[in-house]
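To begin, one chain is listed below as structure tokens, in the form predicted alone.
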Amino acid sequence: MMSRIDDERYSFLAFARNHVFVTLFGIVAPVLLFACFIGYPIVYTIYLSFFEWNGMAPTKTFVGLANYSYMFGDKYFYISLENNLKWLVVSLAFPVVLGFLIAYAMRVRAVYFPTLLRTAIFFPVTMSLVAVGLMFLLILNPIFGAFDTVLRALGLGFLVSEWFGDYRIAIYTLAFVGGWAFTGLPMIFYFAGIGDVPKETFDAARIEGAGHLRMMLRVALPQLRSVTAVVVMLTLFESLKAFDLIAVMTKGAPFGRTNVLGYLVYLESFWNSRFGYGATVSVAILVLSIAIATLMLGTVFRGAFDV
């Protein structure tokens, strides 16, 4: 039978062992994983942006800020940046707004078979964007595509266009395709968020004669500020990392007018063998992401997470 001293010693050792276990696997391990798979690549990318390197040579040539100087004079960088911003605007106006409207309609039971509809809209989120791109290449084909065929059948042939060949609308077409695949994510967030709004709040607004539009704008949205903050942040990052659809559907054509920053990194690094300049554009994406995220969380959504 253990003495009291032995029992206390055993308890202390057990506590110390558990504390070490929690420290190692609960703190140290995640930090090491973050440092290896996120921290180190970011640091190395910043380091590489100060060099000229073709990706195969054993040595790199230090060029200082030459890559940054070239980037600020590169017209394709500005075209890509503008396209990313257009993609962000379309994403905020299309999948986010549509996702909220669908979520609200399902919550107030304004649609039939809400579970089936929710599943159908969320399904594209699980699809590979490569598969989505190949599918829409067929749907939007100007000769035999289903979309233009329907337009002609409805007497709207004047709307038929070179959806990927016209530089004025190609980037918007790509953004809408990306938005179609992304809509399910905002919908799920808003569906869950509206479900947390007290039912009495909607009942009170309905008794006061509020219609659906007023309840969406005056009741639902003010209660969903934190959800909206998360959705907008996800949309921001989704638009800045756009790559798959461009690579599959246009490859930057026509004349580089559908390039985005992510695809520009790929072109400069793997096609032009300018890994230093590709890293520089990657740093620009990182800085832009941090700047816009900080602006949104610090100003636009100030107080969104207050409880």
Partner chain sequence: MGRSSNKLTRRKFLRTTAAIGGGAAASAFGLNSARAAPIELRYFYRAAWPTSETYANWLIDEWNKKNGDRVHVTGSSVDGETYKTKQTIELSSSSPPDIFYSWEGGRAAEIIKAGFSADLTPYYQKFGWDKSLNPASVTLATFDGKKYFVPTEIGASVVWYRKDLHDKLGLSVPTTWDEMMANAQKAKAAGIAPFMLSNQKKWPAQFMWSAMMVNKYGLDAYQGLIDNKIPWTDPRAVDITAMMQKLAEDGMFIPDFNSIDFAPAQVPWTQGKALYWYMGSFILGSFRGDQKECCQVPTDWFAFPAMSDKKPIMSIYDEDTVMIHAASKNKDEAAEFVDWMVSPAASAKKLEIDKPYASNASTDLSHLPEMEQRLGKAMADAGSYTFMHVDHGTPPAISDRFLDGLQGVLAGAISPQEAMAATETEAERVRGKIKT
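Numbering follows the first chain given and starts at 1. If you're wondering where the values come from, they're calculated on a predicted model, not measured in any experiment.
Note that the form predicted in complex with its partner chain isn't included here; everything after this is about it.
Asks: Consider Y172 of the chain shown here, and say whether it contacts its partner chain in the predicted complex, taking contact as heavy atoms within 4.5 Å.
Replies: Output for Y172 is no: heavy atoms all beyond 4.5 Å of its partner chain.
Asks: Heavy atoms within 4.5 Å of its partner chain in the predicted complex: does F158 have any?
Replies: No, F158 is distant from the partner.
Asks: Can you tell me if Y70 lies within 4.5 angstroms of its partner chain in the predicted complex, counting non-hydrogen atoms only?
Replies: Yes, Y70 is a contact residue.
Asks: Flag V90 as yes or no: does it have a non-hydrogen atom within 4.5 angstroms of any non-hydrogen atom of its partner chain in the predicted complex?
Replies: It does not: once its partner chain is placed as it appears in the predicted complex, V90 has no heavy atom within 4.5 Å of it.
Asks: Scan 116-144 and note down the residues that get a heavy atom within 4.5 Å of its partner chain in the predicted complex; none is a fine answer too.
Replies: Going through 116-144 in order - heavy atoms within 4.5 Å of its partner chain in the predicted complex - the hits are L137, N141, P142, I143, F144.
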